[in-house]
Every structure is written in structure tokens, then in C-alpha cells.
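Take a look at this single chain, the form predicted on its own, given in C-alpha cells.
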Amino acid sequence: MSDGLRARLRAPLPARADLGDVLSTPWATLGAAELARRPVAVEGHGALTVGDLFDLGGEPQGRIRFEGDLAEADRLGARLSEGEVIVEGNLGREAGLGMTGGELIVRGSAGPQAGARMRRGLVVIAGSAGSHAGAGMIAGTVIVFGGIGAAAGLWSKRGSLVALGSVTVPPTYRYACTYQPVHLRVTFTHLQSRHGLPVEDRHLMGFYRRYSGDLADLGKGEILAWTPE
């Protein structure tokens, strides 16, 4: 299978960049030249294009891999609806904001509001996540291998936030039970085999504390926090 498209950052970003329009409309069948024309807003530099910042190559196979330091790149994967997006490093704020489908895999850490207001799809962060991860979720799944900042899942209506590292559960969530969620084994097996993520036996076979919330809203979401007991 083709590795899909590759977007390699040409030089360090000169300022914070808004990549919210890069993948917000169907992109999985676009070639590199077409994707290169999509707009990017860079603070103090006005409107640029993907092609101004990245070298693009490869074939469109519903998959794109971003390479380079994207810690200053915000909103990548906003309104994403299809395909696989892999980021080989850190990512900025609002990763996967309002996603409705597809997968966003971040091999590093992500800034605040990763997976916020998403409706469907999967966001995976191999490092840590900033504050408000999964805030306002309506559905979908956010998995964080490292620690999560404050206000995780705040105002979530539905959806799952899976915490493999440290997380402070908001007071508007209520403890429900501790169990071994079988569906997570399926997801973790996929992440291990498809993306080579560092899934461990304790993630696959371990116990998770389930918290229901946010009870300040609809309250049908959940935080699944891995526990050694």
C-alpha cells in the first residue's frame, strides 16, 4: 500500500500558523499540487499556501504524513472528515477541532484543546496533551498516551477521552466503575499494527476507571483513565 502524501516543512514556521483550512474539506483524492494551493494563515505574514511552507510529494491514497516541527501549527485536522493524518512530532493548538471523521495521529505532544468539539473520528496523541483536551465533544474518541492538562473533557456531551497517563477528572464527572473495556483492545491493536504506536500489554489487558460526564451538560460522555489496580 502506498504511504500516501508527504508534507515536509521547508523551514521553521516564522510565527503561529493556522492550518485549519488545509484538511477541512474532502482531500483524500487530491494530488500534491492541488493540496499545495490550500490556504494557511501565518501571523504577521498574511495568507500563504500549503505549498509556500511545505514540500509535498507522494500519491493520494487517503493518507498524509506531516514532517517537521509543527508546535506552532494550530488547528491541523479541524473539521477533518476522512482519511489518515499522521504528524511526526509535536502539534499546536486545537488539533482535530470539530472533526467529523477520519484519524489524526500525533506522534509527539499537542497543545490545548486537542479533539475539542469533535463529532466523530479518532485523535491519538503519543505524547502529552494541553488543557481542555476533548472539551465540548459530541462524539468520537481521543486517546492520550502521556499526561493531560487541566479541564479534560469539560462540557463534553458524548464521546470518549482515554487517558493512559495522568489526568485530573473534572468535578462535574462522576465515577461509574472500573473495568476492562474490550473495545479499547481492538483500537489499541489497530494503533499498534497500523501506526506502530507504543501500545503496551498493560494498555491492552489493564483496568480503566470510567467517569461519566460532563454532568454540567448532557453527561453521556466518559473519561477512561488507565489504572494499575
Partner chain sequence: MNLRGVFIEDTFAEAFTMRVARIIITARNERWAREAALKLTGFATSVIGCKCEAGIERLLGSGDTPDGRPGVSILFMTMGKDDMGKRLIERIGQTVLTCPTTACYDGLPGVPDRVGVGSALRFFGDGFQASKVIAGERFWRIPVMEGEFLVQEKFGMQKGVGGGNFLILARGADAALAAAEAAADVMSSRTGVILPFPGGVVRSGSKVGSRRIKSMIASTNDAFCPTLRAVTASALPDGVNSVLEIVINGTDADAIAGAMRVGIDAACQEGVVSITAGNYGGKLGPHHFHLRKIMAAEAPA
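Positions refer to the first chain, counted from 1. All figures in this text were calculated on a predicted structure; none of them were measured in a lab.
From this point on, the text means the form predicted in complex with its partner chain, which you will not see here.
Across the options 54-62, 158-166, 26-34, 41-49, residues that bring heavy atoms within 4.5 Å of its partner chain in the predicted bound form belong to 158-166. Although its partner chain is omitted here, in the predicted bound form all of Arg120, His183 and Arg210 have a heavy atom within 4.5 Å of it. Under a 4.5 angstroms non-hydrogen atom cutoff, its partner chain in the predicted bound form has Thr141 among its neighbouring residues.
In the predicted bound form, its partner chain sits beyond 4.5 Å of every heavy atom of Thr172. Shown alone here, Arg16 lies farther than 4.5 Å from its partner chain in the predicted bound form, counting heavy atoms only. Using a 4.5 angstroms threshold between heavy atoms, Glu103 counts as touching its partner chain in the predicted bound form. Residues are counted as partner-facing when one of their heavy atoms sits within 4.5 Å of its partner chain in the predicted bound form; in 197-229 these are Arg210, Lys220, Glu222, in sequence order.
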